[in-house]
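Taking the form predicted on its own, here's one chain by itself in structure tokens.
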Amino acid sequence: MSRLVIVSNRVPAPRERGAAAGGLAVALREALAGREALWFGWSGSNHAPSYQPRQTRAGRVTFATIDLPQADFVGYYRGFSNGMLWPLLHHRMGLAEFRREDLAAYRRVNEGFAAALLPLLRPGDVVWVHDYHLIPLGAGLRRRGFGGRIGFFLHVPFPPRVIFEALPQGEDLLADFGAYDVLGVQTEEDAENLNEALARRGLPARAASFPIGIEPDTFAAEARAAAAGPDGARLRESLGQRALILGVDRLDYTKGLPQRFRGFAQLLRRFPEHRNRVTFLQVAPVSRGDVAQYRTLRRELDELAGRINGEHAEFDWVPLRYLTQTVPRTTLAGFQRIAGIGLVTPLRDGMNLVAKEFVAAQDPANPGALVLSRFAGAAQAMEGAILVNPHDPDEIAEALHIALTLPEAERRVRWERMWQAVRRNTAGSWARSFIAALDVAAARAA
């Protein structure tokens, strides 16, 4: 079996590599199990003057990390990656800020990644590059003579061509996609958008949909255990007999949090029978708190939460609980099992694994209902979810009312459909299918 080389912006820290890990580490756990692998990326430090990798080994996996110079970090990460590409790819051009010096830093860091990674590669390695931070990396490896298989997976959406064309020097970025043997995206729509953009430039249409999943049985077991633990007991006691609506997101403008808060407020206004019978808990850990748009979003949410509670709270009931601190993943799994409604309403999302985690966490004998944005990639497979347009707070309110009043039998039918979908597309099947596509591409090229 050839060695698998994972390349991502961040490499998980040692404490994140175990069973409690989240994000990409969980998604790739099965792909890394039982095979030799190298995981390469940024260490999280931005004080080093050079791109010299440091290596540690855990089992059959070698973790190689590089530091970034501070000046490069600011332009590459805060500037072009998250100030320009993140809003562009999420259809939010009004929030995008382009600076040529940021683009130069983005390309400089990708060249640094390529130069530092190349000496670590062996003949026969399969290289799998992840996400928008590292689009030019494959081209950097090709220019340095690497002829092995390279795949790229975009975890976020890819917008329609008319939006992508607003990116200055965007054609150069499209040309970088040409270095990869396989291009993976979350949904068929994303694949169509990327392939159309590539075709306009005369490049091969290599993008295909590989919907990412979770480890559903493992997550279900974690949820059962956590719900029965002390934090689960505390939450249940605090709720009394009230139903729990739960939202779990990073504090990000793509997640539709202001619209979600307004939708909950509309539920209380338009359907007063739910007053004092439901509690909405929104967990939204702060991310990118040094960026102006995120500070503005946090102020808006603080004000909305205060206004909603001020208007609707009673002496023994606070309708909206809003947390911006990080809550451990296992604790959240227990909260998702306790919740009667999962409220997942991003304005645009590549997939959104929280929706799948909510389904996996539920008690099959008495499952809750999922209210889901139609603009999340997960919506394509979640036939049992109540789909909403997240831009309409009244539609969110109506969906919440439906979810709160669904008969148990219908909830079970809806949950079973979603559970089967979650079990069909797991983290393991996602990784296997992508690596298999790379194998096919290599065979065709031979």
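A quick note: this is a predicted structure, and the numbers were derived from the prediction, not measured. All residue numbers are counted from 1 along the displayed sequence.
Although not depicted, the form predicted in complex with a small molecule is the subject of the following passage.
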Answer range among 319-327, 74-82, 289-297, 360-368 for contact with the small molecule, defined in the predicted complex as heavy atoms within 4.5 Å: 319-327
Site test, 248, 255 and 351 vs the small molecule in the predicted complex, non-hydrogen atom cutoff 4.5 Å: yes
Candidate from 226, 150, 156, 268 lying within 4.5 Å of the small molecule in the predicted complex - any heavy atom: 156
Contact residue in the predicted complex, chosen from 212, 126, 197, 220 - any heavy atom within 4.5 Å of the small molecule: 212
Residue 186 within 4.5 Å of the small molecule in the predicted complex, heavy atoms: yes
Residue 170: touches the small molecule in the predicted complex, heavy atom cutoff 4.5 angstroms: no
In the predicted complex, residue 164 touching the small molecule (heavy atom, 4.5 Å): no
Residue 285, heavy atom within 4.5 angstroms of the small molecule in the predicted complex: yes
